[in-house]
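Presented below, as structure tokens, is a lone chain in the form predicted alone.
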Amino acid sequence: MIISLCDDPDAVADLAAQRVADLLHEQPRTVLGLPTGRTPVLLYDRLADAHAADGLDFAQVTTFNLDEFVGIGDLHPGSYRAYMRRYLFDRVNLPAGRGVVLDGLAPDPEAECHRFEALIDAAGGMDLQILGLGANGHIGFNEPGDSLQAATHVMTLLAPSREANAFFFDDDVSQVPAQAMTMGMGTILKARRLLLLVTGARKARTIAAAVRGPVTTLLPASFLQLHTEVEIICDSEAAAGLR
């Protein structure tokens, strides 16, 4: 596990974007796993700028998003499909259909999860999975609990996760769906490389426990200790407990 320390969220985004750009230059047919939330927004800005200014090429890239809310469609402004269009997909030359996001309106969410897993397998698995960290230690929407599911599955969201996503629903937590579909920890850990972005003081205790504490389902991020190629990029506030 490599821990890269940065001064602030802008520097975290700069370094993460460099990691992605280096991979795309070396391997144009890269398969990327992508997160949503507040932390990756700066990263997506950097990648869009690199595409516009330097021709960073997404023409052969395939992406898979970590999760999507159950019960809202891709036209809903709070959906992760809408998020990805707004912050990345519509700003780079990623071909239509190559940015794969779970269908929140699928009539059978469990079947949608199986379909999604099959698409990842057909693409050859993910070369790089980019991750964010929930303040309660969740990765994707794998919430703390007595057990974790390995494959993509439907998850009932805990209150902190719904509160963290209220930003995308007019700051009204009651509008945040109660369930989401998410890659399981097994699916995440099958990626060849993992890149975890962590910013802000409120994540400091969580990331310190995930790196230095026991591997436990009560802190899903701790399972990253089991992977052989992980880089954690932290800003100074998030890294306070790691120094």
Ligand code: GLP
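All residue numbers are counted from 1 along the displayed sequence. Computed from a predicted model, the values in this text were never measured in an experiment.
The same protein has a further form, the form predicted together with the named molecule, not shown here; the description that follows concerns it.
Peer 1: Just give me the single entry in Gly78, Gly99, Gly132, Pro144 that has a non-hydrogen atom within 4.5 angstroms of the named molecule in the predicted complex.
Peer 2: Looking at Gly78, Gly99, Gly132, Pro144 one by one, just Gly132 meets the 4.5 Å heavy-atom criterion.
Peer 1: Could you tell me which one of Arg193, Arg38, Arg29, Arg205 places a heavy atom within 4.5 Å of the named molecule in the predicted complex?
Peer 2: That would be Arg38.
Peer 1: Residue-level question: is Gly140 within 4.5 Å of the named molecule in the predicted complex, judged on heavy atoms?
Peer 2: Gly140 belongs to the contact set for the named molecule.
Peer 1: Do Leu43 and the named molecule come within 4.5 Å of each other in the predicted complex, heavy atoms counted?
Peer 2: So Leu43 does not count as contacting the named molecule.
Peer 1: Does Leu66 make contact with the named molecule in the predicted complex, using a 4.5 Å heavy atom cut-off?
Peer 2: Within the cut-off, so yes.
Peer 1: So if I measure heavy atom distances to the named molecule in the predicted complex, which of the stretches 56 to 64, 43 to 51, 207 to 215, 30 to 38 falls within 4.5 Å?
Peer 2: Residues of 30 to 38 come within 4.5 Å of the partner.
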